[in-house]
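Below sits a lone chain in structure tokens, taken as the form predicted alone.
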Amino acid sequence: MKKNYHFTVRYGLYIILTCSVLCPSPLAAVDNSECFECHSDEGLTTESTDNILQIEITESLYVDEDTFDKSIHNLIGITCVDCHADIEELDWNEEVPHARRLEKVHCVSCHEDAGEEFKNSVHMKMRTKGITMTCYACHGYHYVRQMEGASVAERTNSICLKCHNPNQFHEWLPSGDAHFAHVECVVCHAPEVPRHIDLRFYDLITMRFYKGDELIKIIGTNFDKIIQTIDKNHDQIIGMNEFDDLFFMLKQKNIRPILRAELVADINSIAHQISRESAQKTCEMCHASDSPYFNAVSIILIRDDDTVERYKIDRAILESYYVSHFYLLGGTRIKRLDKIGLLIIAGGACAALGHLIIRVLTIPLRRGKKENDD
């Protein structure tokens, strides 16, 4: 009886193993590499109907694998079928190994908070005009990047400028080009979002930002030790003297960068609550010595994977010569220039006063000379 029992168990396990090999489970995970067997073809397209013009259009189904690999979704381990959840298996006996029409991807399945904030945005209100704004209209389909370390130009070019011309509706804004270059759109158009100033090292010769890994290598340290190298008093804030030492260190390595300062919004769900009516138009919010926008000032170093290391600095550094093209009247003042200006004014006043005193003291001499000449 015992012998027959062991034979039955072994025979049953053999049948189960054979079936699992020959007939894989329909719930077996679909690997990204299987998707790219087709979607790496640049000529792969499909026909669809434009939801506004109601005309037939040809859509590309090509996905650049190298760019996708650097996307934030891939970096945190999200696979193709995590979003395209209606694909449970691939049938390679068919010309198209899955359904030709897939369900729309619902981003709010993961990004619930962003979806709630989006409901109150001007983009949601556009739907009353028959225009459907989707998440990927702004963020793209497969190349969603880590944007924490992105510059203002990268943020606005990849999102806002797809639809908006910044020169429209901003006639009231003085020095518009300077604002567009250094202030992210969301800073003003989502008033509740937290804001901070990012300082990045910029090379005027090559006209590019230095990568964090590049600077770390030049200095000869690593990300874990750099703050210990710079922050001599260990207060977790880079002060002015410590900042001067950092620049001296870079000069010794033949690196002479400037700092480019930008006012950006936190990567926060509230940033989706874009509004025209409540947009910030009060100049004093920035252009004031006690502006709350300057409470969080950091130097950022960006790793090769686009993640960010942030180091808090004394806001007084904004008033130094190292920061280029970021002078806010009333908000940041380069005090050295103020001192130089005061010296020039004082020098001019002293020269005029000295000249007047000399003229008064020499009145008798000049009168005597004039009488002699007569």
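In case it trips you up, residue 1 is the first one in the sequence shown, and so on. The term rigid core refers to the most C-alpha atoms you can superpose between the two forms while keeping them within 1.5 Å. Not measured: the values here are computed from a predicted model.
Note that the form predicted in complex with a small molecule isn't included here; everything after this is about it.
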Next item on the list: Please check if T46 has a heavy atom lying within 4.5 Å of any heavy atom of the small molecule in the predicted bound form.
Entry: yes
Item checked: Contact label in the predicted bound form: F118 to the small molecule, heavy atom within 4.5 Å -> yes
Notebook entry, point to check: For V63, is any heavy atom within 4.5 Å of the small molecule in the predicted bound form, or not?
Noted result: yes
Next item on the list: Using a 4.5 Å heavy atom cut-off, state whether S109 contacts the small molecule in the predicted bound form.
Entry: yes
Notebook entry, point to check: So which stretch, 224-232, 267-275, 249-257, 202-210, is the one near the small molecule in the predicted bound form (non-hydrogen atoms, 4.5 Å)?
Noted result: 267-275
Check: Pick from I299, C135, L215, I302: which residue has any heavy atom within 4.5 angstroms of the small molecule in the predicted bound form?
Finding: C135
Margin query: Looking at A261, I219, A114, I238 here, can you tell me which has any non-hydrogen atom within 4.5 angstroms of the small molecule in the predicted bound form?
Written below: A114
Notebook entry, point to check: Is D66 one of the residues whose Cα moves 2 Å or more between this form and the one not shown, with the core superposed?
Noted result: no
